[in-house]
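Take a look at this one chain, the form predicted on its own, written out in structure tokens.
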Amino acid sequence: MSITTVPKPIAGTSSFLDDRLGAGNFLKRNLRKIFPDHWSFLLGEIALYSFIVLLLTGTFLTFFFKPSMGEVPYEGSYEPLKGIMMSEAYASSLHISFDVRGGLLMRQMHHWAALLFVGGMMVHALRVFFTGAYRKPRELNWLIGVLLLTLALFEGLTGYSLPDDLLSGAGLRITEGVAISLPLVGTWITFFLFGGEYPGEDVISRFYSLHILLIPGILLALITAHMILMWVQKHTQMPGKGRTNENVVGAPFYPAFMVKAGAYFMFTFGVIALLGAFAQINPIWLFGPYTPADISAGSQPDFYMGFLEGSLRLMPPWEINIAGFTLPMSVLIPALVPMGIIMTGLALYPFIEQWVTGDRSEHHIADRPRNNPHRTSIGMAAVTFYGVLWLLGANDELASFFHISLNATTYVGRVMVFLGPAIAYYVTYRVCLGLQRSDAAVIGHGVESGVIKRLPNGEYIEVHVPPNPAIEAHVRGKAPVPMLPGADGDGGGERDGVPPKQLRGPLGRLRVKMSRAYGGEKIPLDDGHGHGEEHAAIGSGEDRSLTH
């Protein structure tokens, strides 16, 4: 069968629909759409399939959950709480866990799917960032992804609070503290959410509406837009043999990608089902109903909120009093600054990079992270910043488990939240340059063959051979990071010795310096190791002397 021949199943289906809907050409064109084949492109699908599981299990849970804070005595199957007064929300959550057939499995699958949904989006975002897949023409899709991740955090917060147990109530208390600390609007937002003074009687019902209607609807619309844009703009691909900005090398949507995607969905669903069946999560019956007067030690939120918990624990006490108004900076800064740095930085990065490099061209070939060392270093600095805050969200558990001072963990955390990203940046940058030198050595000197050869002078060397063509094409896919015209010092952007208007003045000169540092070729592929070291010659068995 030639590559232009349409398989019979596609042609038959297209003809059937075309006769009734006029969709034949659309299906013939899109079912043959090519998708590149690389394992990292499946990371985003973990989030997509987890969202589908969330919708299915969440629909089941809505049949039995009662979003009310009205007090009722518990009369269910769990004996230790028998007769205790609790909210209807907590009682119905216990009812789902112990008295609804398959209820506990659905609850735990829903919780695990939520964690996998957020985790999948985080890993997918890192893949897109480190490979530069956010560049033109995909800036809008990148912004949609950042908004999706932000909304997912709020979706998790509202869902986590619904059971009204002691652990979720502790998180709700922090949410109330953050909301009421906002200048001017804090009191109004708090009273709107809680229906009065904390804890009020309306927060569960209002969070429930947000959790099952508003936020999922927006998420579904944004995911749809994300997928449509990805489909229209075509997928990025890793550098390799025969791959260019003008083509896509891979397998067609039908049947290859469709079969692979279906199998991957079933695998994701199976993993979530196994976790829900065998890995206990959020055992609300052990925590008891929430009352504002009670608190428990070792309270930690779900992992995606850990960095906000850590920032709150690390922040020293600080208040500002102005004209009779108090600004609790010890709450405002931890609640707004870390998330603002991460989310705003993610949203603006494509445009900042475009401003620094002056690169306005389209990119359909993804970068290897090592080939843009500054971008990779910035990303790892952000990951370290997030990781330190996340780790210190459990500073009480760390102090208890390792038998160290709680104050010591706090003080170390306050230092590492600034020092850690700087160290990560430097180490990552040096590692990227080292990997580039390794690539240059592969191109310049070949790869080790495992063949030891004795030279006429008695010296032993290992014979190097040319790399595999696919590996060589992958390595040679490297392109210099773009720079502003003239930023490399050759005067290419100047006219009669005068720089362009946009590069004049303090800001223009700063832009040129940033472009010079960020862009350019750090280690050319023909540079080898760049240290004048001696290497075994590329050879097939003939005697030859060592070369530099």
Partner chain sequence: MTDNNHDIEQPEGRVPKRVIGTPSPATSTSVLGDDERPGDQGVPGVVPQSEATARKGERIAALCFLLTLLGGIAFIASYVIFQVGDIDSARASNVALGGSLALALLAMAAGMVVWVRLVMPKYNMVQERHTMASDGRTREYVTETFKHGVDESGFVKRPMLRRTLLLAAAPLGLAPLVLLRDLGPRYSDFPEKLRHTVWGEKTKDGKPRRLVVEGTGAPIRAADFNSPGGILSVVPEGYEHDLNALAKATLILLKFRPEELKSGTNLNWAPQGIVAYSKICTHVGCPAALYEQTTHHILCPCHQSTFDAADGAKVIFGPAARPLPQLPIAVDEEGFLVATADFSVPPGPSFWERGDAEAEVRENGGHA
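Predicted model only: the values in this text are computed from it and were never measured. Residue numbers count along the first chain shown, from 1.
Below, we turn to the form predicted in complex with its partner chain, even though it does not appear here.
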Any non-hydrogen atom of residue 523 within 4.5 angstroms of its partner chain in the model of the complex: no
Please run the contact check for residue 362 against its partner chain in the model of the complex: heavy atoms, 4.5 angstroms, yes or no? yes
Does any heavy atom of residue 75 come within 4.5 Å of a heavy atom of its partner chain in the model of the complex? no
Residue contact check: residue 181 to its partner chain in the model of the complex, 4.5 Å heavy atom: yes
Let me test this: is every residue among 104, 295 and 315 within 4.5 Å of its partner chain in the model of the complex, going by heavy atom positions? yes
Since exactly one of 331, 424, 284, 128 fits, which has a heavy atom within 4.5 Å of its partner chain in the model of the complex? 331
Selected contact from 117, 290, 134, 307, since only one has a non-hydrogen atom within 4.5 angstroms of its partner chain in the model of the complex: 290
Here the chain appears without its partner; judged in the model of the complex, the stretch of 218-226, 416-424, 107-115, 345-353 with heavy atoms within 4.5 Å of its partner chain is 107-115
What residues in 170-198 sit within 4.5 Å of its partner chain in the model of the complex, counting heavy atoms only? 173, 174, 176, 177, 178, 180, 181, 182, 183, 184, 187, 188, 191, 192, 195, 196, 197, 198
